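In structure tokens, the next block holds one chain alone, the form predicted on its own.
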């Protein structure tokens, strides 16, 4: 039987797409491999959100060319494939397939053609494609990524996603609920709903509030998460559904990008600093103990010292639990590349601001985490930790907790007491919950 290896870069949507590709190829008789060595087909599922993501892939393709067995098929899939298309075939003669996110249904046929010496680029958008008949081969045994929406209509000036993923379209609510029931029946009771702006979900009849309630009502589902939302789409209906659906976890990843209204306008984020703060306030008022993480870009064209300081001050005001911080990366085809050259921020200024932002975010996170030592919480054990005889677990509010234990505990829920913190993660000790004493008399 032919074997396939898929190497995945980028976001959770790419992970989910790799699971779909594996599932499709398994249904066609392929067996999966854990390494590229000796595989008959090697696919690199790529990200295009930043230039260094693409450079990593280009370097990796060079490495793989030396290691592939004779006759192996090498393909590039995902967002970088969609962005570059046939240019990838022209610049790298060893690559035989370039397949965008809406063309995975064609993979078996494209691979067969590549065996006959043909080279293909399949990058047309298919606005009806949700891969409903695919059975994903899931990587993780403790949670399931379930796409509910593909593409994006927001068109932020720095973002390549509308080019690589196409316009926004949502799956039918009934299909999402069906897939959730299927993964719960397989023993997985944490689900993560995926979309580029997931809370703008609308299948023509139901909105994201309806989706949260319907998925959250699936019998046996214990935890429900989603990523990534947009601040503009947290309607009162959505927030009420979050607060009123017990399975929905007390965590929101709420991309901010900048704390300056003038900068947000240049980014075309479609909200102001005040709008963002109002969204945070409404979420926290409805959901006690809510953990909030965010995305922040440093060095966007034209960023002034004053605008950067507004970002720092908003971090101090919101007090995020954590933040994913990025240096601006110009992407071909985005409006940001057409901004005046004199708006470009010098690399040494970007580096200095980035370090300042990191120090601010980490300081807040460490202070908040130190204040939680001694607290008890439920965690789901997800996998073995990288060091020591520890396991990595996750709380409902998205805290990473390292606990002692053996791999048999993976997939189980524990109550732990938080005993230490590095500032970013916790260490915890499993505790036996005290049972209430029987009533006298």
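Just so it is clear, the model here is predicted, and its values are computed rather than measured. Residue numbers count along the first chain shown, from 1.
Although not depicted, the form predicted in complex with ligand 5AD is the subject of the following passage.
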Residue (of 224, 297, 176, 80) lying close to ligand 5AD in the predicted complex, criterion heavy atoms within 4.5 Å: 297
Among the candidates 279, 122, 159, 357, the residue which, in the predicted complex, approaches ligand 5AD to within 4.5 Å (heavy atoms): 159
Ligand 5AD in the predicted complex: contacting segment from 49 to 57, 65 to 73, 398 to 406, 24 to 32, heavy atom within 4.5 Å: 49 to 57
Touches ligand 5AD in the predicted complex: residue 328 (any heavy atom, 4.5 Å): yes
Residue 301 within 4.5 Å of ligand 5AD in the predicted complex, heavy atoms: no
Partner proximity in the predicted complex: residue 260 to ligand 5AD, non-hydrogen atom cutoff 4.5 Å: no
Contact flag, residue 255 vs ligand 5AD in the predicted complex, heavy atom cut 4.5 Å: yes
Residues from 333 to 365 in contact with ligand 5AD (non-hydrogen atom within 4.5 Å) in the predicted complex: none
